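Single chain ahead, by itself, as structure tokens, in the form predicted alone.
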Amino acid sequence: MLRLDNKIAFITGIGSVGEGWGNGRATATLFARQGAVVFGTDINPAAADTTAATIAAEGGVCAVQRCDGTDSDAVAEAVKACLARFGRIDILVNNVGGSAPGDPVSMDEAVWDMQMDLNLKTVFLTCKHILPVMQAQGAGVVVNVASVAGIRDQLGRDYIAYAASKAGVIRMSKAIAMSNAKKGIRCNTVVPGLMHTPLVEARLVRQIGGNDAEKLIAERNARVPLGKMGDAWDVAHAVLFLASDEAKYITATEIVVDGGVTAARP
């Protein structure tokens, strides 16, 4: 079940912002365990190398390349390197992203532009360079990682650019799915909610938690109907399902992985 044997998976954001399992690292490792050959990119080569080493230690295959996902030339070079080594790309997972707080009044225009580039343009660029490969193959799967911020209000926290860009990822995924349905290519989105990944301690504690990790984690857990935040493996398993042949009749839709958060909101 959910095997990816002989599949070549191109995964962005394969590293992690700190020790432990970020979404990209967990997804890449899970894919390798299910038989995929992984080609991963990250702007932080040391983080990417850590993921590759973990996969290699388990007997899997993972090649990595430093890549700024907002740079079209860099993305094109990474795609070229993957094809040169493995010959095809069967699965694309777009996992690059990040949030910055602010509303239209308080947010600097440069921050808005950066958020659009990081969360939305990165998806556009990988699809720009990889969809022609999949179209030539007559087959392929794209899974994009968005956020519940793209479908629900953040309850008093202003993340205008993050919300807009992640909503764009969801809508872009549907458009890609429809324009490629008759070309053998599926495209879907995983929509995570509150997740306890290294990002919480590395960034969110400082950004919104008043440097009190214990308090922030307790507050985030309390907002989830299932009683606690999810983790990177919850995201990874949803991505795996959508990438697998078991999901061969699923396209242009989303899997929300949020412990019931969005259903509990008006």
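Start at 1 with the first residue shown and count on from there. Nothing here was measured: the structure is a model prediction, and the numbers come from that model.
The same protein has a further form, the form predicted together with a small molecule, not shown here; the description that follows concerns it.
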Close approach of A146 to the small molecule in the predicted complex, 4.5 Å, heavy atom: yes
In the predicted complex, does T197 have a heavy atom within 4.5 Å of the small molecule? yes
Answer with yes or no whether I217 is in contact with the small molecule in the predicted complex, where contact means some heavy atom within 4.5 Å. no
Any of the heavy atoms of D49 lying within 4.5 Å of the small molecule in the predicted complex? no
If you check in the predicted complex, do S16, C67 and P192 all have a non-hydrogen atom within 4.5 Å of the small molecule? yes
Proximity to the small molecule in the predicted complex (heavy atom, within 4.5 Å), stretch among 81 to 89, 176 to 184, 161 to 169, 132 to 140: 161 to 169
If we test each of M107, I151, L118, A76 for a heavy atom within 4.5 Å of the small molecule in the predicted complex, the one that passes is L118
